[in-house]
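First, one chain by itself in structure tokens, the form predicted on its own.
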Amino acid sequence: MKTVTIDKNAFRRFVDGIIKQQRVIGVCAKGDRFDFEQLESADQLRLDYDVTLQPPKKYFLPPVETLLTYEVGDGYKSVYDDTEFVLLGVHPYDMVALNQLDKLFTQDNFDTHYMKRRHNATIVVCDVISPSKNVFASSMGTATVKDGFDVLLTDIGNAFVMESGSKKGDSFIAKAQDVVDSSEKDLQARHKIQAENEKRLNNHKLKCEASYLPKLLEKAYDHPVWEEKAKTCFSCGSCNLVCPTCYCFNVQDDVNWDFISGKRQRAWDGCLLDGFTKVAGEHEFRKKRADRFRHRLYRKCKYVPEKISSQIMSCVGCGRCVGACLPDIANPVKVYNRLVDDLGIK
């Protein structure tokens, strides 16, 4: 693995060269917001963004995807996306989220569709330059990331430090011209930025260590906060749809008008939506909004960490849910801090 420094003009030329060779998805401005889209020029790329509208998980678990096609008498055929691509400008907390999804989609039933896209991707992470107004990654331990990426990019002022994290990353960096081995001064500048980010990406500060949250939630199942918050919940699922770690989906068959052929698709679903838990016989085991509201926060910081044996919570502190929630009840930190105040830390 190598670490090199490249000045910004050379980096721009490097990105333009990559765009000519393969599909490159990067962060672009959308008015005063930002989101990922396919780049046509390096001039579109914005690495100084605060947060994207949607997390990068949509390139691995699309909102809607075809799993297979079928036809009577001809069986079925799995459908895979074989396109190789570069995902450029992923923030550390979103990389942590992808690392979690990797574990979840390879545990128990190996998800070949998700992992095919994951294998085809070269992920370039960039350390945060402009914290968003709702970020709390520092509280969740996700302001920086140490693994999962192919390349880690850090803006040190007049240049970028590029660190390879994989053989794929080595190959990616090898395509860059006018690079030099990173000096001790460059590495110290990168370390300073990362150390600052571990503290400053914290616009909603958690009153306990994130690792304590599973234990806190063990005591909070019947706490009144769930009913209080749910009174104004629209059950719209916006918090689910913008979350980088939510992965629930629905699967359905779409039969063509010939009644002979069709396709099977999966689409994003969300635990806040009414009907999400409805099963045969019209039984719905989380019919109340309060139950669904509670489940979301238990999923983030109790159920998923227990499932993948991770010390990092399934909330990575991106803050997207805070901005997406119209009645302003989705902020996990406000709820967890309320529980700390009422139940204490033991």
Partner chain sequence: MCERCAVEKDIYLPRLATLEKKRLMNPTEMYLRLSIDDNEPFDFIPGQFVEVSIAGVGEVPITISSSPTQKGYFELVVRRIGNVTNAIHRLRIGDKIGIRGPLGKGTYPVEEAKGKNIVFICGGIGLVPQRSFINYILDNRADYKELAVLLGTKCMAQRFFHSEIDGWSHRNDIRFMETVDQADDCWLGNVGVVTTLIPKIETELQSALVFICGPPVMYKFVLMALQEAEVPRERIFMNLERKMKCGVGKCGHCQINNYYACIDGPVFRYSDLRIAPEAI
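Positions refer to the first chain, counted from 1. As the structure is a prediction and not an experimental result, all values here were calculated from the model.
Not pictured, yet referred to below: the form predicted in complex with the partner chain.
F234, F85, Y76, Y212 - the one with a heavy atom within 4.5 Å of the partner chain in the predicted complex
The residue from F234, F85, Y76, Y212 that makes the contact is Y76.
Choose from 26 to 34, 42 to 50, 314 to 322, 294 to 302 the stretch whose residues reach within 4.5 Å of the partner chain in the predicted complex, heavy atoms counted.
Comparing against the partner chain in the predicted complex, the contact stretch is 294 to 302.
Quick check on K205: any heavy atom within 4.5 Å of the partner chain in the predicted complex?
Flag for K205 set to no.
Hey, in the predicted complex, is S183 touching the partner chain, heavy atoms inside 4.5 Å?
Looking in the predicted complex, residue contacts with the partner chain do not include S183, since no heavy atom lies within 4.5 Å.
Answer with yes or no whether S130 is in contact with the partner chain in the predicted complex, where contact means some heavy atom within 4.5 Å.
S130: no contact with the partner chain in the predicted complex.
Might K229 be said to contact the partner chain in the predicted complex, defining contact as any heavy atom within 4.5 Å?
K229: no, not in contact with the partner chain in the predicted complex.
Going by heavy atoms, what in 256 to 272 lies within 4.5 angstroms of the partner chain in the predicted complex?
Residues within 4.5 Å: R264, R266, D269.
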